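The data below hold one chain only, encoded as structure tokens and taken in the form predicted on its own.
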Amino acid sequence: MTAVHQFVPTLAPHDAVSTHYLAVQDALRAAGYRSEIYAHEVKPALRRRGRHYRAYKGPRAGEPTWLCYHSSVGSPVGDFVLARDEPLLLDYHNITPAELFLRWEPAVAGQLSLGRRQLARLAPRARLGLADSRFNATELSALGCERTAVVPIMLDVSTLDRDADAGTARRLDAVRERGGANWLFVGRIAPNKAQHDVVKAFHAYRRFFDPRAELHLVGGSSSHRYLAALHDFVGALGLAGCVHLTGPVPDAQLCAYYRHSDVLVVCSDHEGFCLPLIEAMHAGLPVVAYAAAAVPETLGDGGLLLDTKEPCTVAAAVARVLRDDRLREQLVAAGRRRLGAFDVGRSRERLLEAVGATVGPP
């Protein structure tokens, strides 16, 4: 039997990348490979699925063994893998440019810089580079990874079909009943996701188009300083009563936000994939997004892409989508067609085809 073991920074529940690690492990095992997950930190809920990376003692006698390192941030696990002699696969989930965090969280910027340095050493050694997007694969190739394959994050968005939280749904519907629209952004509060630019556009939208609109920024935070500044910015614009920073929410509430909002607005400066675009398309929620980094590739024709995020331009685009029934219906239909590119079964096939061609049969 051939072994393909994954090495990751953190294995945690309710985390998209960790869900991908688990799906990769399931796919490899189902195909006949032996596969364990080794992490710097394994959260208690997943202790049966992962081990501490220092528990790895090397290949079993006579067993061909490959290591697959998942790169998204600097980690001691990266140095551990670099010191090993086993052949390497590299799965790249993108590393946010450190300069986007430097002003807000120097320690995080340091981790990101470390991740970039590790990636520069890992890429030339990898026999195969897997990437969530062509955007990420291009980075790997530029760093000297000779073979790459695009395998989108394996996350089953049908989990959003569960029952939505009734209280959240009622609050969102009440905004509509008062004649206002619900703007939505889903993702960590982080400088690279530029929620402040969403707020700017929302301020213009309320002023020129819809004074009853509300904005819901759903997700945890990667930067306390940026979060605090965002709260201050919202207050300074007089939007404290209509911009809601929810923090992380349970799945049932997330379902309600997707189903009972009117538009997803994305103004991120850097995304290596942008999973909320897929979730919105699945929920039938129209998308207006700034065409930066991997966003155009992920969204395709499944939403309205803008080449600027100037606030009045974004506001006018949202107003057009929400007032033009035909355009909105076209975007929603295009989004549902676009979802086929991210089918979990198709991604699993891509993964096993790429790994099999490199590693060989189980």
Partner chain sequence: MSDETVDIARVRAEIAAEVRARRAAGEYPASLERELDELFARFAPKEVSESLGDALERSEEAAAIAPEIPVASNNPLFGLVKRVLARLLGWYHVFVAQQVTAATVAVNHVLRRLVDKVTRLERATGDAARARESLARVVPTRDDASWEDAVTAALRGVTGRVLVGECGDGRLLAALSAAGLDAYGVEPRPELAETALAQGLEVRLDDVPGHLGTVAPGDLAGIVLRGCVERMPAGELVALADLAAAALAPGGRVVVASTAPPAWGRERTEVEADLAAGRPLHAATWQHLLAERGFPNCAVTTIGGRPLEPVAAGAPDADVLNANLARISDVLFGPDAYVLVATRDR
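Positions refer to the first chain, counted from 1. The model shown is predicted, which means the values in this text are computed figures rather than measured ones.
Separately, the form predicted in complex with its partner chain exists; it is not shown, and the next lines address it.
- In plain terms, the part of the chain that comes close to its partner chain in the model of the complex, with a heavy atom within 4.5 Å, is 227-235 out of 133-141, 173-181, 273-281, 227-235.
- Among heavy atoms of Ala204, some come within 4.5 Å of its partner chain in the model of the complex.
- None of the heavy atoms of Arg48 is located within 4.5 Å of its partner chain in the model of the complex.
- Taking the partner from elsewhere, Ala27 is found to have every heavy atom lying beyond 4.5 Å of its partner chain in the model of the complex.
- Contact check for Trp104: a non-hydrogen atom falls within 4.5 Å of its partner chain in the model of the complex.
- Scanning His93, Arg116, His216, Lys200 against its partner chain in the model of the complex with a 4.5 Å heavy atom cut-off leaves one residue, Lys200.
- None of Arg320, Arg60, Arg34, Lys43 but one reaches within 4.5 angstroms of its partner chain in the model of the complex through a heavy atom, and that residue is Arg320.
- Along 79-100, not one residue places a heavy atom within 4.5 Å of its partner chain in the model of the complex.
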